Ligand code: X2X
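So this first bit is one chain, no partners, the form predicted alone, shown in structure tokens.
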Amino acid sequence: MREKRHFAARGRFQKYQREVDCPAIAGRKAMKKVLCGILALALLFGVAGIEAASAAALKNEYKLTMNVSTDTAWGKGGVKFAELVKEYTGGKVNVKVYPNAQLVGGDQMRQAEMVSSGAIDFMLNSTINIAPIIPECNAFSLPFMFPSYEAVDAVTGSAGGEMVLKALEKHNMVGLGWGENGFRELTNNVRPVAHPDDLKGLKIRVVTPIYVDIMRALGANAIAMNWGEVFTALQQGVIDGQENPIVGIIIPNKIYEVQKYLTNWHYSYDALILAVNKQIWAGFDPEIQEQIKKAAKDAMRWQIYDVSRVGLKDGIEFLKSKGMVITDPTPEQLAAFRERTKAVYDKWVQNVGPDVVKAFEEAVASYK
């Protein structure tokens, strides 16, 4: 037994002697202890840091921008989304709606850029206003693409609609859902318009280059003008007419007070996209992301089917009661408009992207 203890002690002494004689070995052991200590501290503070970061990730307020007032069909959709986000997240996420493009000084075309940069968190924005930076959005503005609202639904629920939403990701945004401003109809204060020749010489306010091309192809003088100036310009005769959705813009902005004629021609569709900045979206944990997605889906479905399209049923009769003369072009008359604008359609296919346009056309054809 004494011999075993002797050899064990001798072994420990030899090991100690080797470490004393070879400082590198002793140094490695000491370094290992230090590194283990550092790693333990890093893990401890790392976990605490992650927990702190998660707790700090949610802001007190997330800003949502949109062009219009909260009492419009479009605006009501933004308010509904904010309400449902608060409800579905149990108050963890609070979205505040900023109407009338007030976060961008009234410059509605800057909203997508501001969300892309992260200066604004969310937007409920028209594809018309997004198209300058994301040309795929111009697919909705191609002249006479959609014969009906059902055809629009077929597109937004198709691969074509998904391609447009995917295009947002290249610009640092995530698309959450589709809303609706509606078909853009023509009003003017000179004469009924039922044929392309009826537009000749009329001064029509438009907002984007594709609409400038369309109006010129139809013989009208296209006038680019900020929306805030339009009512007065119509009232004073500076311009003869404008084009916008009935429920979304014409009725709530009382265009019927300064316009006599409306052509119900469905020449272009104005979709809304509900989107969020990509970094803001990444800051939400998966559970909150799912809750926000559900809020977007439910709010936009309500906005389209319970507000926009329900209001449209009564909108035409309301405008008639206000003295407007409504023209519903026949299929033959619509064919004349379509033929006159075919060159514009073909030109803008290249801007949008042939693959996107083909997907849109296939979805419309499948509905038919």
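Sequential numbering from 1, following the sequence displayed. Here the structure is a predicted model, which is why all the values come from computation and not from measurement.
In what follows, reference is made to the form predicted in complex with the named molecule, a form of this protein that is not presented.
Chemist: State yes or no: in the model of the complex, is some non-hydrogen atom of residue 249 no more than 4.5 angstroms from a non-hydrogen atom of the named molecule?
Modeler: Because a heavy atom of residue 249 falls inside 4.5 Å of the named molecule in the model of the complex, the answer is yes.
Chemist: Even though the named molecule is not shown here, does residue 156 get within 4.5 Å of it in the model of the complex, heavy atoms only?
Modeler: Residue 156 lies outside the contact set for the named molecule.
Chemist: Report yes if any heavy atom of residue 270 sits within 4.5 Å of a heavy atom of the named molecule in the model of the complex; otherwise report no.
Modeler: Looking in the model of the complex, residue contacts with the named molecule include residue 270, since a heavy atom lies within 4.5 Å.
Chemist: Just to confirm, residue 129 within 4.5 Å of the named molecule in the model of the complex by heavy atoms?
Modeler: Residue 129: yes, in contact with the named molecule in the model of the complex.
Chemist: Only one of 231 to 239, 93 to 101, 114 to 122, 200 to 208 has heavy atoms within 4.5 Å of the named molecule in the model of the complex; I'd like to know which.
Modeler: Looking at the partner contacts, the answer comes out as 200 to 208.
Chemist: Counting only non-hydrogen atoms and a 4.5 Å threshold, tell me whether 67, 74 and 244 all contact the named molecule in the model of the complex.
Modeler: All of them do, each having a heavy atom within 4.5 Å of the partner.
Chemist: Identify which of 281, 261, 227, 149 has a heavy atom within 4.5 Å of the named molecule in the model of the complex; exactly one of them does.
Modeler: Contact residue from the list: 227.
Chemist: Would you mind checking 149 to 184 for residues with a heavy atom within 4.5 Å of the named molecule in the model of the complex?
Modeler: Sequence-ordered list: 181, 184.
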